[in-house]
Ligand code: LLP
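First, one chain by itself in structure tokens, the form predicted on its own.
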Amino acid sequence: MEKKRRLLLKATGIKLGTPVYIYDSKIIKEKCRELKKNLPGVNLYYACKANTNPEIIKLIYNEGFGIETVSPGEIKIAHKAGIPISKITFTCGSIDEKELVSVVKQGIRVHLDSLHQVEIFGQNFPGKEISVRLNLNIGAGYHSHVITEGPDSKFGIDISQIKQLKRLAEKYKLRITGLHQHIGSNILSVPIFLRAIDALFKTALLFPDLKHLDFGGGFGIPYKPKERRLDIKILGIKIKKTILNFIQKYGRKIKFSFEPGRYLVAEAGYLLVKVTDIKKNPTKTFVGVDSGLNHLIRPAMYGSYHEILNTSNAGSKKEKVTIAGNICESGDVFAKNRMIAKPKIGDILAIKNVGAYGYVMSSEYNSRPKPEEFMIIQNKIIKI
């Protein structure tokens, strides 16, 4: 299977030209169905900031997911993909009154992110129901930039401000019917998820009118070859047990949600690039390619690891090289001192696991155009 995939990627890179993003629809469907199977009875919303291509959003929606958005632009893309308002949620962050009011008037469920937002909501929509995002100080993630709870995080209403939150709600006769949390990104530990869920359940007992709890996302994938996968089956079993215990304590049933993003799309994506230059100095071999941090910023921004496959020469002896991009920045490096099958000029390299936070974070820096996007659908390559 790996050889077949490598040959397909090589042929695709040659046929379409490089750089180019390729997504495998089969992998996205498999990931969607895996979560649906292991989290039965839980509502799932795709955090579309991971990849906003309308065809990918449409594919995931057709697998039974709603769509979680974080901007008016993402809402427009979801509309373009045919997603009904009832299946869209919006998580606020440092937005102004005009944006907040506009989203609420569309009938989209909004998770308010600050006491100021609760005040704005109350002034414009007194007597309505609200959902709020809390910061319960349980942050996690692979890099400090993706930890979204704790004292250093800009997200959510701090747990110490619950009394103030309730006073504001009473002032404007708002009913707090939803609580939301999101602790971070690319988490591979089952215990961390359970700890965060338990914390939200404990806090939820302070709110008598709840209709839904949203645990956010953060389900991780293994970027490094020997990295252990998140055990979704075990997580699902433990979550089910925890939910049943909470319902018994709370005294009635409510709805529960997760917002997976990366987990659904990351492993489906490849960035195909071509070797354009090879240079050596006394200590290093630099392999230059026709792409850069303008197309995939994660290595430069987070120090992220992405496995790189030489699709043209996979069977050759491995060599330690540094894969460098074509952008005029010293930080424009995809991999440092990486052992890969010895590259030569013209080889097609596949940068793996770029389906999430790849194209969606790309730019035209250095006035170089963005790559095109294609999807593998039943062994056919379709432009999307």
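Model, not experiment: these values are computed from the prediction. Numbering starts at 1 and follows the sequence shown.
Keep in mind that the form predicted in complex with the named molecule is not shown, yet the notes after this line are about it.
*Asks:* Of the listed stretches (46-54, 24-32, 323-331, 347-355), which one has a non-hydrogen atom within 4.5 Å of the named molecule in the predicted complex?
*Replies:* Selected stretch: 46-54.
*Asks:* Even though the partner isn't displayed, in the predicted complex is R298 close enough to the named molecule, meaning a heavy atom within 4.5 Å?
*Replies:* Output for R298 is yes: heavy atoms within 4.5 Å of the named molecule.
*Asks:* H180 versus the named molecule, in the predicted complex: is there a non-hydrogen atom within 4.5 Å?
*Replies:* Result yes; H180 sits at the interface with the named molecule in the predicted complex.
*Asks:* When the contact criterion is heavy atoms within 4.5 Å, does T91 count as touching the named molecule in the predicted complex?
*Replies:* Output for T91 is yes: heavy atoms within 4.5 Å of the named molecule.
*Asks:* Determine whether any heavy atom of S185 comes within 4.5 Å of a heavy atom of the named molecule in the predicted complex, and answer yes or no.
*Replies:* Result yes; S185 sits at the interface with the named molecule in the predicted complex.
*Asks:* Let me know the one among F256, Y250, Y302, Y172 whose heavy atoms come within 4.5 Å of the named molecule in the predicted complex, would you?
*Replies:* So the residue touching the named molecule in the predicted complex, by this definition, is Y302.
*Asks:* I need to confirm a contact call. Of G217, G269, G156, G292, which residue comes within 4.5 Å of the named molecule in the predicted complex, counting heavy atoms only?
*Replies:* Only one listed residue qualifies here, and that residue is G217.
*Asks:* If you look in the predicted complex, which residues in 54-79 sit within 4.5 Å of the named molecule (heavy atoms)?
*Replies:* Going through 54-79 in order - heavy atoms within 4.5 Å of the named molecule in the predicted complex - there is one hit, E68.
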